[in-house]
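Have a look below at one chain only, the form predicted on its own, in structure tokens format.
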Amino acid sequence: MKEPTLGNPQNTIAVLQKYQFTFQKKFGQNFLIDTHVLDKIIRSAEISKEDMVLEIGPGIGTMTQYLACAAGKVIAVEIDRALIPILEDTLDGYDNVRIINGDILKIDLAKLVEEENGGRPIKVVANLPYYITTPIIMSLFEGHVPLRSITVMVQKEVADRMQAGPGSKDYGALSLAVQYYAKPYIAANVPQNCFMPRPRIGSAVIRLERYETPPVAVKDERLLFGIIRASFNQRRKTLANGLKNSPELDFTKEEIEAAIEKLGKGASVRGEALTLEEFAELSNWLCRG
């Protein structure tokens, strides 16, 4: 197995110039050029030779080289067709890597994991495009892909939202959705100068360790998330008004107020004050099934 050659600005520039590569804004491309950050990501993901890793958006293959050295197998999914010949070059000699040209949101990942890893849980590692971070993470969880963990580079404020608790300004529907499926932990904050081109905002590496079973028991998962979304759609409204006004829900005013009263909360309580456990209780009381 070759040692990684990418991860510093000079080598990245040389590859980009060789292929006359043009960054595509629509794909949110910002390539890592800091070996310390790359090492930190690999350590945080706790990868071993027993693991199959799914990398989303490998770019020119910088982190893919590091992953190939640490993991048993790497599946790298890249949407930009122009990067495929570059990846075939930079990953030449790494015989445990498979490159797929495709949109991660359109690939049947459960089927891919079955074919490539016998259905055993995988680890996901990625430097995610910031414009599509949340849809990718939620599709991994909601698609019931066999997962051990997700370790990703995301926008700093998104990482803060994922691990926020009740009462904070960052707490919201994303916090609750992530914390229902996984235990979040921010492993590192990453400044703009670690990327090419530089993003306008700071970044963070967050590890999401998948729960084998969610920390709360709910009768209807879809109802739980419908209630959570309704509670934060209009943050300034009370919880009761948020639920009454939601097109997703069809409960009467009396049903909603009775369920909130069972929680032991006043009529003026807002969604941002409720814990995941309290949302689960509310959901179970409102569930008609």
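We number the residues from 1 along the sequence you see. Note that the structure is predicted; figures quoted are calculated from it, not measured.
Beyond what is shown, the protein has a form predicted together with a small molecule; the following relates to that form.
**Student:** Just one of P191, G102, P214, P135 has a heavy atom within 4.5 Å of the small molecule in the predicted bound form. Which one?
**Tutor:** Of P191, G102, P214, P135, the residue with a heavy atom within 4.5 Å of the small molecule in the predicted bound form is G102.
**Student:** Heavy atom within 4.5 Å of the small molecule in the predicted bound form: which of V124, A159, L83, V178?
**Tutor:** So the residue touching the small molecule in the predicted bound form, by this definition, is L83.
**Student:** Using a 4.5 Å heavy atom cut-off, are L32, E55 and V77 all in contact with the small molecule in the predicted bound form?
**Tutor:** Yes: L32, E55 and V77 each sit within 4.5 Å of the small molecule in the predicted bound form.
**Student:** Quick one: which of 251-259, 216-224, 234-242, 55-63 gets within 4.5 Å of the small molecule in the predicted bound form, going by heavy atoms?
**Tutor:** Correct option: 55-63.
**Student:** Given that the partner is absent here, does V205 sit within 4.5 Å of the small molecule in the predicted bound form, heavy atoms only?
**Tutor:** No, V205 sits far enough from the small molecule in the predicted bound form that none of its heavy atoms falls within 4.5 Å.
**Student:** Using the partner position in the predicted bound form, report whether L128 sits within 4.5 Å of the small molecule, counting heavy atoms only.
**Tutor:** Contact with the small molecule, yes.
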